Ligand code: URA
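What follows is a single chain, given as structure tokens, in the form predicted on its own.
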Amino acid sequence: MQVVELNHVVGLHCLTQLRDKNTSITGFRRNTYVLGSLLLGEATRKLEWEKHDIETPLAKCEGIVVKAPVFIPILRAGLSLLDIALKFFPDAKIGMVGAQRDEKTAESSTYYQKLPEIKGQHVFILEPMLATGGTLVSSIQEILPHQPKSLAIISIVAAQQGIEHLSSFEDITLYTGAIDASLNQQKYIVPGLGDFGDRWLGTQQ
């Protein structure tokens, strides 16, 4: 698996705000949007395009049109990145994978999956936190038989352990804002930023 760690000063600024436990839900969502936009821009840099001739108010001009990829958010935290993706590609097809982690065992289980036609398409899995990688492994194994043209993962923070778990998938690229060194006993990323879904949705107790 190829790993691309975003090295952008604005992205690092946003990541600092996301890590800060005192950041409000408004600030958390705003910084997710900015950092997610930077990641999406990097991840889609090499998408296929076609020439498209237009006219500006002053002259004819040659431009391009990009074909929208397919986005597959991992529920529920992945919805935060889907909102960003649809700003870039409002006509994109969307799949859904619902996964839930047992807080006692830290094991992930899939409770829902619905995929569009993805054969020959560029596909992006949206998963803000790559911790153990268990959910992503099972999701990738479900997606690859459908023969996507390419498959990539967009993640705000990724743990080294999770990256190693996915290393056997040679033709996949991970785009992430940061690589953190470890997981704690509860399999949360350290230093990480806590439970992304809870902080983005406002469901923290």
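What you are looking at is a predicted structure, and each value in this text was computed from that prediction instead of being measured. Residue positions are given as counts along the sequence shown, with the first one as 1.
Just so you know, the form predicted in complex with uracil (URA) exists too; it's not on screen, but the next bit is about it.
Looking at Ala131, you'd find a heavy atom of it within 4.5 angstroms of uracil (URA) in the predicted bound form. In the predicted bound form, uracil (URA) sits beyond 4.5 Å of every heavy atom of Leu18.
Within this chain, Gly197 lines the site of uracil (URA) in the predicted bound form, having a heavy atom no more than 4.5 Å away. Contact check for Lys187: a non-hydrogen atom falls within 4.5 Å of uracil (URA) in the predicted bound form.
Contact annotation: uracil (URA) lies within 4.5 Å of heavy atoms from the stretch 123-131 in the predicted bound form, the single such stretch among 110-118, 67-75, 123-131, 86-94.
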